[in-house]
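Only one chain is included here, represented as structure tokens and corresponding to the form predicted on its own.
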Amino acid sequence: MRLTNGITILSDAVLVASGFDLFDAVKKEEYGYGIYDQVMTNADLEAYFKTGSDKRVTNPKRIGFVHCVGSRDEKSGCRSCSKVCCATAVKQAIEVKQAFPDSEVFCFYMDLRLFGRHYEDIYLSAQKDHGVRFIRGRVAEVSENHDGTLLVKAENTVAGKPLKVTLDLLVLMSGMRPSVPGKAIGDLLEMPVEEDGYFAVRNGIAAGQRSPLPGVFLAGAATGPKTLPETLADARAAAMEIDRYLTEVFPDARNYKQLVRERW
């Protein structure tokens, strides 16, 4: 195997754990990211929670979250769910309320996908204990008022009515996309990819960590959006698959690891 820096490595198995990139919210021009000062992404807000510093966050009184930005969106080139956005939005909405107790927080969503253990409890707590308002409906347009606040136009599909909300801050929940550096690795190894841009696996149920290529294995978001627990489980499963594969390659060797060391 020849790496992108020109170094050649001899190996019997390769594990590709290329991670993911966040969807570039600039591509959703109707949401105003990179256009209006008071629009940020989930990654930007997470950085604010860690550092406590962001010029866009100045004691906001009304904050909105837009789910599924770049996910489940044919125009954005991704029909699939990114899995983590709903739970992240609920978590961040609670954290915003804790940081700014007098603020109003709105979450605009198509439908909530909170499949993890206790995730539903956190969602209920966000409403009951923190007063987060969840509005079922996709945001259609974001514009800026003369005072720098944002005018958000959406539709409440439960009530069947359009609505307008003025916000001080809008957070876009950017979804997962295939890793660009990962694509370079895939091109190097001539790995097959599926329609969504993620690497193909031999069998999504029985061999989800095996590439169709012999000796090439996959873990984490290399094969699609994954939560952190799923990524950890994937890594353990990939290690077991590699162990099984090397045992198959060296059936006469009691300890293939020793055999590999002897090669060097």
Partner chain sequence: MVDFGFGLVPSSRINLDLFDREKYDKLTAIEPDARICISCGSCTAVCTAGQFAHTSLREALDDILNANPDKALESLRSCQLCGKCAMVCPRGINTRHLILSIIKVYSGE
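Positions refer to the first chain, counted from 1. Remember, it's a predicted structure, so these values are computed and weren't measured experimentally.
The same protein has a further form, the form predicted together with the partner chain, not shown here; the description that follows concerns it.
P162 versus the partner chain, in the predicted bound form: is there a non-hydrogen atom within 4.5 Å? Yes.
Might K153 be said to contact the partner chain in the predicted bound form, defining contact as any heavy atom within 4.5 Å? Contact check for K153: yes, within 4.5 Å of the partner chain in the predicted bound form.
Quick check on R62: any heavy atom within 4.5 Å of the partner chain in the predicted bound form? Yes, R62 sits close enough to the partner chain in the predicted bound form that at least one of its heavy atoms falls within 4.5 Å.
Does at least one non-hydrogen atom of G77 fall within 4.5 angstroms of the partner chain in the predicted bound form? Close contact is absent here: in the predicted bound form, G77 is far from the partner chain, nothing within 4.5 Å, heavy atoms only.
Using a 4.5 Å heavy atom cut-off, indicate which stretch of 95 to 103, 80 to 88, 187 to 195, 172 to 180 touches the partner chain in the predicted bound form. Among the listed stretches, the partner-contacting one is 95 to 103.
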